[in-house]
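Subsequent text provides structure tokens for two forms of one protein chain, presented individually as structure 1 and structure 2.
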Structure 1
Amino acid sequence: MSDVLAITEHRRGDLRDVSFELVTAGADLVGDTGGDLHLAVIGGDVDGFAEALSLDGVDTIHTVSEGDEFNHDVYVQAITALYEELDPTYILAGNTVNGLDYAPAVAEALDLPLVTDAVGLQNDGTLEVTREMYASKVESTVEVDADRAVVTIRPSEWDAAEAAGEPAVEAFDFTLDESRVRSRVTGFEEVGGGDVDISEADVLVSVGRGIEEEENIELVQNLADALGATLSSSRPIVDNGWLPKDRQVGQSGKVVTPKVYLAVGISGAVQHVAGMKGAETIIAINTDPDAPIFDIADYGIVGDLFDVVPELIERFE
């Protein structure tokens, strides 16, 4: 019998999608073992969140009414207290920026093994976790040789649970040790403010690491101009300061859904794909035939962008 405690996630008044994916992953993990799926909702509008999370497969939702926004010190205390109370086999969390801000501390505090960024879970008495390594070039299976574990799941790998259910909702009796809260969230800021909104563009020419040098950005800008498209980029280009942050497509940048997305010299790391997989038509130009970008591309050119792009510009001038 495996009981699962899944920690849901919210930000600025809304539950995040990964919360619903955790329900699916948690229900799978409980499977036929006869165990229970517990959800924890910590902070914010806990009653509203609990209502939204009253889904099929969930047995009990534990609400912890403490603070409006995420604070990892509060989360660690609440989760360790819930663990002591419920004694679950597995704690599941999202492999998100906030998930990685508390899950490792929870595992350490409870002396449990931690497996992060799971893309697959199998539980036949022993938990087996599928993970990626070396920038997704290699996949691995990690066997958890322990009775209990903390696991974080990659967002968008599991379907979001939708079917309604009737779990019990219980307010968890928990007293926060204020002296152990040593960080304070003072606000949020949206990145951007530039004159270009890439999420509004119909056609995006997007440039990645393959462009090699800052002075080569001009080449893809010329292509964008010739096509009447807007120029965007993957993360390394912004990290290098070659384009402003508001041009960045991906998990930490903008999510875009243009009619046409032309990826030039972008390998297609998972964080990038999260921001553009909704594009209607995806075209990729890359020297590496195994680049993950081709897995989601509709059209591909395996070739050197410095050969292909000038030829393409010529045909639109």
Structure 2
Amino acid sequence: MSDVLAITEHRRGDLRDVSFELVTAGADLVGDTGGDLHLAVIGGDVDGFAEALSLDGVDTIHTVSEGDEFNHDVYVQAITALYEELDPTYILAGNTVNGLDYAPAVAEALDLPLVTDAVGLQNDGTLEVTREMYASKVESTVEVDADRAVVTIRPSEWDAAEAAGEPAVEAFDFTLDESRVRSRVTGFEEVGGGDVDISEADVLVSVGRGIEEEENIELVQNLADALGATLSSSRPIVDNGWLPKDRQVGQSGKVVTPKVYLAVGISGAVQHVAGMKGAETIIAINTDPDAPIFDIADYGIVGDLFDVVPELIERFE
């Protein structure tokens, strides 16, 4: 039997989606190993977060009341102390800005191997981690040659857990070494150009190189307005300077999971698909019936966007 400890994430008072995906990944893994799934909630509204994370498959939630926001030094100390107390076989974290901040330090402190950016996990006696390589064109399987490991999972690769459960909730107390806490979060400041957060949008209308000219983006913006949606784009649009970086969807942009993703003039390169394949419903408009975007689309329109988009705008207005 092998237990799993999953480290949940929150930011500015809200649990992040990857926390619920970690529950699914962790539950699947303990299904293979026959152990228990433990969740760690570190800082913030730990009681409220624990209530939201009381999900099927979770055995115990451990709350650590230290600070309000993510802090590298606090997380490393708390996770190390939890590991020594619980003795889990695997530690799971999100392959996120926060997760990639503390996971290497935790692995180093505990002398454990670290495997990042997992898109699949399996254990039939040995942990096997599926990762993608060469801009997601190739999948590789990493066999972990160790009894224990720290693994980060890619956001949006696992479904978010939803079914309610009744895990035990336990406050975890440990002695924080304040001398090793060398930074504190004092506030948040939005970066320039960050007028919207496309990762929070329910409906995205995304524009690609099929738009041809910068002045044509207004047409797609009008469609987004008619739908009450947010405008996003593929990388070429940002590289051309036609939209700011915060609008880019994809491997080098943002990972999004909207209820509806409407791709306009986007071919569906693997780098772009990696950032939006978690959408609930994908709709594509492209002149090429063999465009890769249609391989993952739920609905597709083969046609010239300059003919299709005006008709859609008229319908929705």
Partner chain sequence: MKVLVTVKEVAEVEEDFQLDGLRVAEQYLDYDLNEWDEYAVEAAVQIAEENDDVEVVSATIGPERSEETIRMALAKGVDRAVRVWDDALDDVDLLDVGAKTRLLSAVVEEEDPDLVLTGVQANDDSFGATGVSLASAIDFEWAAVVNDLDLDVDGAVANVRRELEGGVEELTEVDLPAVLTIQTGINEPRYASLRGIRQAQSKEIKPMTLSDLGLDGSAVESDLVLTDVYEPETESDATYFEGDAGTQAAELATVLREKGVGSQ
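If you superpose the two forms and keep the largest set of C-alpha atoms that fall within 1.5 Å, you have the rigid core. Please note that residue numbering is based on structure 1, beginning with 1 at the start of its sequence. Quantities reported herein were computed from a predicted structural model and do not represent experimental measurements.
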Which of these two, 1 or 2, is the form predicted in complex with the partner chain? 1
Verify the C-alpha shift of Ala93 between structure 1 and structure 2: is it 2 Å or more after superposing the core? no
Large Cα move at Thr281 between structure 1 and structure 2, threshold 2 Å, rigid core: yes
So with the core overlaid, does the Cα of Gly303 end up 2 Å or more away between structure 1 and structure 2? yes
Taking the rigid core as reference, the Cα of Val249 travels between structure 1 and structure 2 a distance in Å of 4.2
Following alignment on the rigid core, what Cα displacement (Å) is computed for Thr33 between structure 1 and structure 2? 3.1
